[in-house]
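Shown here is one chain on its own, the form predicted alone, set out as C-alpha cells.
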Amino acid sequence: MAEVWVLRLGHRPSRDKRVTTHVALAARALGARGIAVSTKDPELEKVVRSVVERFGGDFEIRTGVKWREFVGQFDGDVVHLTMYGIHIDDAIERIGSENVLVIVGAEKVPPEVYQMAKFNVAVGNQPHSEVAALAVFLDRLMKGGGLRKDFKGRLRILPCERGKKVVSDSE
C-alpha cells in the first residue's frame, strides 16, 4: 500500500481551524501517513497529536511548511484534488507510485499547483467539501483498506448497533 501524505494549502487559523482539523482527521482515519500544513498553527498540531496519542497510529502533522519545497522534494506522485480536474475514476488507476502527495486547498490555490501536480483530480466536477473529496479519494486509493486499519490506540471504539462503546487499554 502506498505511503500517502496530505498537503493543506492556504490554511487560515482564524477561519479554517475546524475544516483543516477535519481534513487532518480524515487523512489519518483513512490511512494517510501524515499531513503538512502551509501555515504554522500550534493549536492544530496539539489537537491532532492528542487524537493520535489517544486513538493510536503513527500519523504525523507538520505546520508552517514551505509548500513549494515540500512538493518539489516529494518523491512520488503529486495529486491535486480540484473540481476542475479529471474525474477520479479516470485517474485512480493511473496513480501508480508507492508514495502519493495529495494537495487540498483552503482558499484559492495558486495556478502553479496545477502545473506541479502530476494529476489534477476531481471527485465529481461540482463544488463540495475538501474533506469529502479527500475521504473519497483516499478510500479509492487504498481500496477500502484505510477503514479497516488497526491503529493500536490506547482508546478503541468497538462497533455496535446502538450506543457508544469505547474501551481503554487500561481496563
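Note that the structure is predicted; figures quoted are calculated from it, not measured. The first residue of the shown sequence is 1; numbering continues from there.
Omitted here: the form predicted in complex with a small molecule. The next part is about that form.
Engineer: Please run the contact check for residue 107 against the small molecule in the predicted complex: heavy atoms, 4.5 angstroms, yes or no?
Structural biologist: It does: once the small molecule is placed as it appears in the predicted complex, residue 107 has a heavy atom within 4.5 Å of it.
Engineer: Tell me, yes or no, whether residue 128 is in contact with the small molecule in the predicted complex, where a contact means a heavy atom of each within 4.5 Å.
Structural biologist: Result yes; residue 128 sits at the interface with the small molecule in the predicted complex.
Engineer: Does at least one non-hydrogen atom of residue 133 fall within 4.5 angstroms of the small molecule in the predicted complex?
Structural biologist: It does: once the small molecule is placed as it appears in the predicted complex, residue 133 has a heavy atom within 4.5 Å of it.
Engineer: Please determine whether residue 78 contacts the small molecule in the predicted complex, using a 4.5 Å cut-off between heavy atoms.
Structural biologist: Judged by the heavy-atom cut-off of 4.5 Å, residue 78 is well away from the small molecule in the predicted complex.
Engineer: I need the one stretch from 140-148, 44-52, 116-124, 66-74 whose residues put non-hydrogen atoms within 4.5 angstroms of the small molecule in the predicted complex.
Structural biologist: Among the listed stretches, the partner-contacting one is 116-124.
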